[in-house]
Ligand SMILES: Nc1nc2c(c(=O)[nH]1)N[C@H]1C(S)=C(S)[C@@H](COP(=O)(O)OP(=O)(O)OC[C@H]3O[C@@H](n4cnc5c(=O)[nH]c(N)nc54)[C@H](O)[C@@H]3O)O[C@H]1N2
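Just one chain is shown here, as structure tokens, and it is the form predicted alone.
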């Protein structure tokens, strides 16, 4: 089957305009129900006391952009970006504009709930709920051990509270969503340079995105920086099976075969080393293992790679030479989920190769390259007389960071999709789920449901009745982020360290509580109250003490810069050698490849079956995982712009008699579902692509219920051998007209 492997921006701009690019851009211009339009104010409004309060957006867990919330007559009116914050530089994305309206969503949980024996939910007082949960948890710990308890949450600023709570109980089992998102990337960069770098996109002159799509991510500062770099003449190359929103603004889109990014990158490394295009001085001074790497990489020329990745060898040679020619002001984006966050069996090695390719051109800690962001170290509670519990000296139940199991996995992130397996095995008995919905966002939902149902105690702390909440024994409603004060945050890090904070904007509408109050109440009944004898203001004041910044000052400004600005110049790596490690002795001791080597994907489509495809997925600019699907404004955009569709290559579609808009049956070993298709030239023919975030099946979420399908419904429970991640693109499906 013939297929154009290289398509430029100009050739596809018209096609992209009919897809998610247009929807994303349109969403960026829609008020989403926030009253931003210019009109004459009514007498009541004119006389209203308008308050402008700096806080932090929670419309996606990752960015936590700085915003100003405007309150009029005691109600939220609108939000604007805080121009002082690094992450968003004064702008707010469609998700941020719309998510604030969740404050007034009638689907919010308005009081604590308890599940009855009949499976229904009835109101319960906070006092009674805390008493019953504490009693049951004490009995579970007595009958089993503290290690039978887990806490799982999306990684927000207040995650230190979860660690403190679990460590006080004696359990190491604090987990985030990382294994379904980014853990392969993080582990690879940690093994190579000892930390996760940031991208100096604005000053780069050659940018390669490998499956990374910041235009739909959405990383507002990165989008601005890429645009500015292009205005200054930078080239943007996108290596992606799909013509993404970022590909639409790229100078070149390389439609790589899914799961073969590693082959392309190894071949790039081969060209740069074999032709001596690397930074000789940087490698001599700051790296170890180059000679071993050179010997290994000699077996991966572009002639070998083109057969695997469907990119002509001439293009691989050209991109490698161009990339090296711009050193050190060139970079391969550090990535996120995309091509190597948690997608394939070879994701860890792919991410390792990305880290090494950046190093061989000497771009670490250089203008236009990669740099380790400056992040402030917050003050300790111990300095204020609040003792810290001991860290449990036992292994995590999921095997994260345990030699012989998943040695490169992060202790702090754990492995979320291991929880139901451990529950089914009887190793986990009780758990807390906070600001996360693993029943919908983890693979193989039937298996997840079976595991969570087996728990003797499941408590969900959330604002809505998610699929996970609808399985829980108790549901404790947290105050919405605009209704509460929260932990000082350091997420806004880059070339300057920033402190930000979530603070209360309006009074709580219902009988809800912030997380600290919930944990404090539980701690008293669990006999660990001495570790939570402080208020949020006291906690934050101690966190800020090392910087000479008061909590009042931070609440007034919303963001404050601390410390010195980043300066160019290599710093010692936090690796065992203190250098960039092309060869990792630590990985070798763990039984993992110490250098990047080709690793084939776990599964591949049947080349003899015209209905067989690899199932890919990705974000749309207006949604965050499953948390925004129930937002009426964002869901209306999905419907208006017909975004809930499965992308399929036009030639492959026509070969199985499909027309644009047809409904198809998608089926894997474990699941099946119906969805309409979008025919496009903007996708590698071996794959179909599904937008993530749909397929909500909690009937309590009235807007989202029953709309679309979700890739997790087709994905088996898988664990990669390095970090235990989900391998979320290792799915083969059959697609046929319904």
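All values reported here derive from a predicted model rather than from experimental measurement. Positions refer to the first chain, counted from 1.
Although it is not shown, the form predicted together with this ligand is what the next lines describe.
Contact annotation for residue 331: none of its heavy atoms lies within 4.5 Å of this ligand in the model of the complex. Although the partner is absent here, residue 434 sits close enough that one of its heavy atoms falls within 4.5 Å of this ligand in the model of the complex.
In the model of the complex, residue 339 approaches this ligand with a heavy atom inside 4.5 Å. Contact between residue 625 and this ligand in the model of the complex is found at the 4.5 Å heavy atom cutoff. Every member of the trio 261, 440 and 711 reaches this ligand in the model of the complex with some non-hydrogen atom inside 4.5 Å.
Of the stretches 298 to 306, 207 to 215, 544 to 552, 448 to 456, only 207 to 215 has residues with a heavy atom within 4.5 Å of this ligand in the model of the complex.
Scanning 613, 99, 348, 406 against this ligand in the model of the complex with a 4.5 Å heavy atom cut-off leaves one residue, 99. The single contact residue among 461, 161, 283, 320, judged by any heavy atom lying within 4.5 Å of this ligand in the model of the complex, is 461.
Residues from 215 to 242 that approach this ligand in the model of the complex with a non-hydrogen atom closer than or equal to 4.5 Å are 216, 217, 218, 239, 240, 241, 242, in the order they occur in the chain.
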